[in-house]
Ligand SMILES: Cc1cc2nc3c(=O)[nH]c(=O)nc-3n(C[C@H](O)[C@H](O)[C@H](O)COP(=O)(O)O)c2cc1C
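Only one chain is shown below, in structure tokens, and it's the form predicted on its own.
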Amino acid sequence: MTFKTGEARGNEIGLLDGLMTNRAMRRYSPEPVSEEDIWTCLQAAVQAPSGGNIQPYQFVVVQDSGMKVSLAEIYRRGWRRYEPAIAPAEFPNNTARESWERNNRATIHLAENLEHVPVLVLLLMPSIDMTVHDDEGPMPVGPTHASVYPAIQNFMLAARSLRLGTAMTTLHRIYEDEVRELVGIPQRYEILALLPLGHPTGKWGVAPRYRSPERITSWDRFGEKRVP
């Protein structure tokens, strides 16, 4: 597929609006996702920057119903172990409690209905070390993951531009070997993320964030703050 610069395909969402209103979508309608839209998201993903332009990733697009059922069963087993381990013992206030419970309900819904999502996309990364060496020793310029996550973000933002929802999930990694065997993925690849892709039933909007830019940003020296 060749994407022509300037193609809008009916998209009226500005870049900044898409960035600010994109959020994890965990509830989907049964409406199918077109293959054209899948290719558009993949094309956007490979346009993401990567160290040395090495693009250290592979994609597996899963649409087969039987395969999705098997993936969902593995995912749910992981969720059943994970949920009790992350449940907060207490909350600072009722607002925080309600926010966590709302998010948890959506996460449970996704786990219980993952096989009904039209498309599941697996993001793979080869297990390689990007550390380079010279006479002075190693130069750890960053992990390979740093060259993969921008592709995931591009994929998700492209989906948003097409009014498709997605969310980055990683619970499959609890039983990663089983997923690798199910999909026929070679041992040399990590399965970094599972992205559900479909038409969301929820609404986009600016998600609440509890750490504002001015709180976590320093200017020139650590700890030097500015008020916007």
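Just so it is clear, the model here is predicted, and its values are computed rather than measured. Throughout, we count residues from 1 along the sequence that is shown.
This next part talks about the form predicted in complex with the ligand, which is not shown.
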Handout entry: Contact test, all of 59, 127 and 151, partner the ligand in the model of the complex, heavy atom 4.5 Å
Key = no
Fill in the blank from the handout: Exactly one of 168, 44, 33, 67 comes within 4.5 Å of the ligand in the model of the complex through a heavy atom, and that residue is 168
Problem - Contact residue in the model of the complex, from 71, 119, 110, 123 (heavy atom within 4.5 Å of the ligand) - result: 110
Completion exercise
Within 4.5 Å of the ligand in the model of the complex, heavy atom basis, the matching stretch of 23-31, 157-165, 177-185, 47-55 is 23-31
Handout entry: Contact label in the model of the complex: residue 211 to the ligand, heavy atom within 4.5 Å
Key = no
Problem - Contact test in the model of the complex: residue 131 vs the ligand, heavy atoms, 4.5 Å - result: no
Handout entry: the ligand contact in the model of the complex: residue 103, any heavy atom under 4.5 Å
Key = yes
Exercise for the section: Flag residue 207 as yes or no: does it have a non-hydrogen atom within 4.5 angstroms of any non-hydrogen atom of the ligand in the model of the complex? Expected result: yes
